[in-house]
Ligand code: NAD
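First, one chain by itself: the form predicted on its own, in structure tokens.
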């Protein structure tokens, strides 16, 4: 059982922490005892998110950075090299939807930079300290598309697969140092991104919100969308000492929707 002090003394860096799954994760890690650094682009939203965390005496902090800007990420890397990050949660908004054959080269480059290169820089900045302490948790929020590609998400399917294999390679390399690397694969989750998809579908089809929602959840055995907190629970477990022998896995949190094991 993950107790309220399970992560006491740990420092977590959560990317995309101003809203959605990232915010829910930051809040849960703080409740579980961690000191949390929240990272996203919008400092105003970050400050509101930081104020929502429990135990302000731990001096949670906000870090503004655009993960699509490698120059900015490198500046952040230099700052983090001297930090004591024990838990790194890599999380960022998904690439634009669309068929693979309609995607141009820039879309692939932008997605690869944002989802892999930037997070790779963050990993390289925090791993030296993790090795020294013989403890580290790296969790990537990606997509169930790494198990079964999703229709209409050509760039996302391609880049998420690259991230999953990057993570598995890191898990093999870092395992001997007490550092685990795992991926959490959310299904349909109640976030602003899902809301935008629902609204776009309603506008395109003329169907009601209930009709669109029912169509989306028809192939989800749980017959509902996930709450952001339910994804955060998986991240918190993988962040904890309880998951010390769980390494290099893809963990779907999708209500059973993924068609393969």
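Being a predicted model, the structure only gives us computed values, none of them experimental. Positions refer to the first chain, counted from 1.
What comes next is about the form predicted together with this ligand, which is not displayed.
- Exactly one listed residue, out of 161, 93, 129, 149, brings a non-hydrogen atom to within 4.5 Å of this ligand in the model of the complex: 93.
- The contact residue chosen from 80, 111, 87, 142 relative to this ligand in the model of the complex is 142, the criterion being a non-hydrogen atom within 4.5 angstroms.
- For residue 40, a non-hydrogen atom is located within 4.5 Å of this ligand in the model of the complex, even though that partner is not displayed.
- This ligand in the model of the complex is approached by residue 68, whose closest heavy atom lies within 4.5 angstroms of it.
- This ligand is not shown here, but in the model of the complex it comes within 4.5 Å of a heavy atom of residue 189.
- Using a 4.5 angstroms limit between non-hydrogen atoms, residue 12 is distant from this ligand in the model of the complex.
- Comparing 120-128, 167-175, 180-188, 101-109 against this ligand in the model of the complex, the single stretch with non-hydrogen atoms within 4.5 angstroms of it is 180-188.
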